[in-house]
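Form predicted alone, single chain, as structure tokens, below.
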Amino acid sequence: MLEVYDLYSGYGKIEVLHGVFLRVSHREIVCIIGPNGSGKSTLLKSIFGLIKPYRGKIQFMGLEISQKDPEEKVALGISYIPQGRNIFPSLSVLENLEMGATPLRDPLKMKKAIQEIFDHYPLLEKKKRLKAGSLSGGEKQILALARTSMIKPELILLDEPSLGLAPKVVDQIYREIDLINHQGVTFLIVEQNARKALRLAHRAYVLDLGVNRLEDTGEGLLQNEEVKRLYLGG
């Protein structure tokens, strides 16, 4: 589904990615781990088009998308949830979902999609009139996932879904990711909570100082002694 080939990217004259390679197949959950400053978030932003790569190739479903804008990539079926939850805090929960359903265009389809979300997440329906900013951290992340999955994207780029959340809430978020994946959605996840992500991931990459260090199954990296020592705290 997604292929990143020899990607160089960064901010202005500051190069952060130095020839990154990555592939994601249909219905996979692929995780990227690595220390802070390794370029993980920069890689997601480059794939989504928030940053234009210096050189290299990004292909989605066989189409070259390296220089396409984010709105073009959304139309192709790519969604992105950045760190800190991708919601509008001053809008209500319902208004956030309505904003997320806008690409569906047809009012009946939008209404049906929102009702399906409420059927699956009764808590969101209960709080639909509240400002999204008043939700807990876990509820905001659920809203972000619900809002993104409502338009049924092919691929979700997810940056630090567990950031700032309590362990029980993280478990809930990862159950939702697993459920959405079983519905046919592919995930590429950047995560500092490496152990949690690797347990769920089909495959994973270690990114360090802007270059690929290791690639294996999630379980393979969990059992890798070098990964345990350098990236999992022993």
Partner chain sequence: MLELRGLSKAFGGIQAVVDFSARLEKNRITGLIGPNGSGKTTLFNLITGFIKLDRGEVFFKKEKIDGLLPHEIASRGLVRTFQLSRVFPRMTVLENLLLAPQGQMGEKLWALGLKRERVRDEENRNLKKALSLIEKIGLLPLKDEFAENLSYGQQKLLEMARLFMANPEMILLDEPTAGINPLMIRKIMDFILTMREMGKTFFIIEHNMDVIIECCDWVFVLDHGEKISEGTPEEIQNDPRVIEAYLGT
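Being a predicted model, the structure only gives us computed values, none of them experimental. Residue numbers count along the first chain shown, from 1.
Note that the form predicted together with its partner chain isn't included here; everything after this is about it.
inquiry  = By the heavy atom within 4.5 Å rule, which residue out of R195, R27, H202, K57 makes contact with its partner chain in the model of the complex?
reply    = The residue in contact is R195.
query = Looking at its partner chain in the model of the complex, is some heavy atom of each of P53, G77 and H182 within 4.5 Å of it?
reply = Judged in the model of the complex, none of P53, G77 and H182 sits within 4.5 Å of its partner chain.
ask   = According to a 4.5 angstroms non-hydrogen atom cut-off, is E15 in contact with its partner chain in the model of the complex?
value = Flag for E15 set to yes.
ask   = So in the model of the complex, does any heavy atom of E139 sit within 4.5 Å of its partner chain?
value = Flag for E139 set to no.
inquiry  = Check L123 for me: does it contact its partner chain in the model of the complex (non-hydrogen atoms, 4.5 angstroms)?
reply    = Contact check for L123: no, nothing within 4.5 Å of its partner chain in the model of the complex.
request  = Answer yes if any heavy atom of L2 is within 4.5 Å of a heavy atom of its partner chain in the model of the complex; otherwise answer no.
outcome  = The answer is no: L2 has no heavy atom within 4.5 Å of its partner chain.
query = Quick one: which residues from 19-45 get a non-hydrogen atom within 4.5 Å of its partner chain in the model of the complex?
reply = N36, G37 sit within 4.5 Å of the partner.
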